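Next up: a single chain in C-alpha cells, the form predicted alone.
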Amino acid sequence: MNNQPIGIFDSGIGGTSIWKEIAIALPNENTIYLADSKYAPYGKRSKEEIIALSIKNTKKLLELNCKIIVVACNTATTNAIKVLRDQFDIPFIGIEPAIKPAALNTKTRKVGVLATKGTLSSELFAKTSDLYATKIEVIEVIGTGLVELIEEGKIHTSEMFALLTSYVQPLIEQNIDYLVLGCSHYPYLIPILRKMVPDNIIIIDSGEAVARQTKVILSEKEILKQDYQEGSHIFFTNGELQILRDILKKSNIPTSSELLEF
C-alpha cells in the first residue's frame, strides 16, 4: 500500500496549488490528480450537487488505487468531507480557509476572506469562524467569476485585474491586515494581489498546511512511500487539457497529463 499514490481532486485546476505544496513536502510520493473542470466552479452549486460530485471523484481515485485522498477544494471540503469520511474507508485530508492564523495574529482586528459562495455559506466555515473569530471582524467577499477566468487561462488579463480590484479594494478601505484566500484556485492570483494590496496586508492560503497534514497522516497510518525514488505525478482533466498543462509547466516538476471522462 505504501507505494500507492496520493489522490487529489478539485473542481478544476485550482487544486494544483495544493498539489505543488504536497509534491514539495513529499517529493518521493506518487500522486494522481483529478481536475473536475467540466463541473467548475463548485461554489455556485447546491450542497447536494457538491456531495454527488465529491463522491464521483472519490470513487474514481479509489479505482486508480489511491491510498489517501486530499480534497483540494474549499467548497467540496466544507460541504462534503463529512459524508466522504462516513461513506469511504480511506483517510481524507480537507482544506478550508485559514481563518485561525489570521484571527490569532491580526493587529487591526479586521480580516478579509475571499472565497466562493459555496464555502462562505457552508456549515463548516461558520463553525470555524465561530471558534476562532468571535472577537474580530471577518469581512467576507464572494469572488464571483474568478474561478471561471482562471479555468479559462485568463489570469494575467485586464478583465481579471478589474474584477479582483472590485473585490479587494473595499477590504483595503476597511483596514484589514490579513487577506485569507478561501479557494484553492486563488493562490494563482497572489502575484496580482501583491501589486494591489499594501505591504502591511498579509495574504494567507492553505497549501503548506494541507501538505504538512498530509505528511502527518501518512506517517501516522504508516503508509509513507518507503523507497526514495522521485515520485510520479499523473493528472487527469475532463476540461481543457492545454490550460492544465500550461499551469503545470510553472511548477518545474515533471508531470504527465491527459483527458479523461469522469
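Remember, predicted model here, so these are calculated numbers, not experimental data. So that there is no doubt, residue numbering starts at 1 and follows the sequence shown.
The same protein also has a form predicted in complex with a small molecule, omitted here; what follows describes it.
A residue is said to contact a partner when one of its heavy atoms sits within 4.5 Å of a partner heavy atom; Ala80 fails this definition for the small molecule in the predicted bound form, lying far away.
The closest heavy atom approach of Gly207 to the small molecule in the predicted bound form falls outside 4.5 Å. The small molecule in the predicted bound form is not approached by Ser122, whose heavy atoms all lie more than 4.5 angstroms from it. Mapping the unseen interface onto this chain, Val138 falls outside it, with no heavy atom inside 4.5 Å of the small molecule in the predicted bound form.
Only one of 128 to 136, 104 to 112, 156 to 164, 179 to 187 places residue heavy atoms within 4.5 angstroms of the small molecule in the predicted bound form, namely 179 to 187.
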